[in-house]
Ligand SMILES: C[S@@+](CC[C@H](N)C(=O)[O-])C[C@H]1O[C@@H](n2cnc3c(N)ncnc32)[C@H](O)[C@@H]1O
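As structure tokens, one chain now follows by itself in the form predicted on its own.
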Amino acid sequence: MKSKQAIEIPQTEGIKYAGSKLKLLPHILDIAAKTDSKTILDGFAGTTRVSQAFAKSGYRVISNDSSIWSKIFGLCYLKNSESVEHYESMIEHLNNLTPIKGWFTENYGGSPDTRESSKVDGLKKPFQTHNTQKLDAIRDEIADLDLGEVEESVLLTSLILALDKVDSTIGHHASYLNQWSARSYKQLKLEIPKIFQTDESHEVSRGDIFDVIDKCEADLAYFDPPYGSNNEKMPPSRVRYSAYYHLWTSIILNDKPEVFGKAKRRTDSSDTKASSVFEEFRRDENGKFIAANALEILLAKTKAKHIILSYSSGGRATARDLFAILEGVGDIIEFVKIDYKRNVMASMRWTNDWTREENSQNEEYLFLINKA
């Protein structure tokens, strides 16, 4: 068992993300070290920061998420066996391509004719055209290169990380800024991701968590599910997690899909087509929150000896609900509550209004459950 003094917080890499656990990594690793776990399931991996941290800390990691871009990140950071030098010529080649006007420029590029507005044809845009034209050229070239799955994932991760540094958004793709951000004027430049190599044989999957836990055996499962809003007035139609990052999905798939709405979202990311039961705001026929029921079922079906559950005060289940659920699943060995100022993305109310809440606190809960 690792001692608290021996724990080092490794460097991780990721994009701006609503559910980022960057600030929680010290607490998560500290709690995990209090078990004798060797294999860890990261069930809702997102940007894979937690998976990266576990892998760099010596654990064998099974990283899973339902989103395709999360799988790409997982392949990049957990499955790469090539050196940094292997990718240098590829990145240089992509950076030197001649920009072209393609699908991404047509839908998501705006001209910086004025610093007062990012609108083009009445619609706000997430990137300036000098960067979307580079995006169009780079994405087509990646598709034409003779690459292995992991090599392609490293290049696509590099592209997304670079785009995240020149966007004009508040951290998601449900809406864009009225005025061009300062970073949107910068030139898109790919860099080699902070790849690393470990001695463990990690696994990366993309699937529904209920399908994954039926086939997965790990010593410890870390769950950070998307949260159903605790706003009782939440309307039935609202943007869900799967739609927050629809642009990353389109870049990975390069399928040039049909789009809709002011943000030009993928049609397959509409609220009626893409959702998670953990985001469900409704109650069932017995008056219980559907999202809380799903969480209870997930924890009960998990085969791991230990579970770390990460949950936010913005979620549908209350702290009292969580304690009731967890006590029915196993023994609560440790409970940590972290209070900190909300970051830019998390400072949005979890409604479709996306209104800033100033001077508010956000509480994050971490539970360690022993199921043995």
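Please read these numbers as outputs of a predicted model, since none were measured by experiment. We number the residues from 1 along the sequence you see.
The form predicted in complex with this ligand exists for this protein as well; it is not shown, and the discussion that follows is about that form.
Contact stretch among 301-309, 328-336, 37-45, 55-63 - heavy atom within 4.5 Å of this ligand in the model of the complex: The contacting stretch is 37-45.
message: Just checking whether Gly207 would be counted as a contact of this ligand in the model of the complex - the rule being heavy atoms within 4.5 angstroms.
response: Although this ligand is absent here, Gly207 would touch it in the model of the complex, with heavy atoms inside 4.5 Å.
query: Even though this ligand is not shown here, does Asp224 get within 4.5 Å of it in the model of the complex, heavy atoms only?
result: Yes, contact at 4.5 Å.
query: With a 4.5 Å heavy atom cut-off, would you call Thr12 a contact of this ligand in the model of the complex?
result: Because no heavy atom of Thr12 falls inside 4.5 Å of this ligand in the model of the complex, the answer is no.
message: How about Ser276 - does it come within 4.5 Å of this ligand in the model of the complex, if we only consider non-hydrogen atoms?
response: Judged by the heavy-atom cut-off of 4.5 Å, Ser276 is in contact with this ligand in the model of the complex.
field: Within 4.5 Å of this ligand in the model of the complex: residues from 158-186 (heavy atom criterion)
entry: Heavy-atom contacts to this ligand in the model of the complex: nothing from 158-186.
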